[in-house]
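In the form predicted on its own, a lone chain appears below as structure tokens.
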């Protein structure tokens, strides 16, 4: 067994356990911290694939900015002290059924297409470097990039408007 497979399997265990910890944790702060661990494991996958810019972006944007925002909101709203809302009687069986269906479908696809997996391709030189990403982003995908930035701006303004308390006159 090569070092790449050992590293891949170790990271897979970390990613799966941290995702499970995030889902099953009763404390919102711990869930956010488990999510940071998961994001970090995914960033190491990007490093293994030879995409250091994408790995750094994963850490900076997700594990840095977004998770700090999540923790800030959790602390601000006091969400870690609120109780769980009672679930409807049909939610748990539906979730378990859909999860079992996903596992069965994955196993079916893995075992029926076992010999038809694509072979690893050669990574071209400069894959994932900041210059190449910026060139593609601002040349070929400039319109979708601007549309997404406008959508994020509208979502941010909407969140501010929805959470703003009514002023008493």
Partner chain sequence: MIMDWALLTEWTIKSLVLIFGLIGGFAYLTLFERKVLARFQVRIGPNRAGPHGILQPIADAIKLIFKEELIPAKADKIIFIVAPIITVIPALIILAVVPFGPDIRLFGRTITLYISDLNVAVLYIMSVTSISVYGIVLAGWSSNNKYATLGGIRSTAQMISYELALGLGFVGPILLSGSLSLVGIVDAQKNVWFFLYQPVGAFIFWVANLAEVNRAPFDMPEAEQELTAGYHTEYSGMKFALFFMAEYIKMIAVSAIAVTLFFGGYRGPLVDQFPVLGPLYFLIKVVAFLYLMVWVRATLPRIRYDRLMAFGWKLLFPISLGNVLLTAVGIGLVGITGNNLWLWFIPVSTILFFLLVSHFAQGAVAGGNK
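Numbering follows the first chain given and starts at 1. All of these numbers come straight from a predicted model, not from anything done at the bench. For clarity, a rigid core is taken as the largest C-alpha set superposing within 1.5 Å between two forms.
FYI, the form predicted in complex with its partner chain isn't displayed, but the following is about it.
Put simply, residue 72 is close to its partner chain in the predicted bound form: some heavy atom of it is within 4.5 Å. Of all the residues from 20-53, those having a non-hydrogen atom no more than 4.5 Å from its partner chain in the predicted bound form are 27, 29, 30, 33, 36, 52, 53.
Taking 2 Å as the criterion, residue 13 does not count as shifted between the shown form and the other one: its C-alpha moves by less than this amount when the rigid core is aligned.
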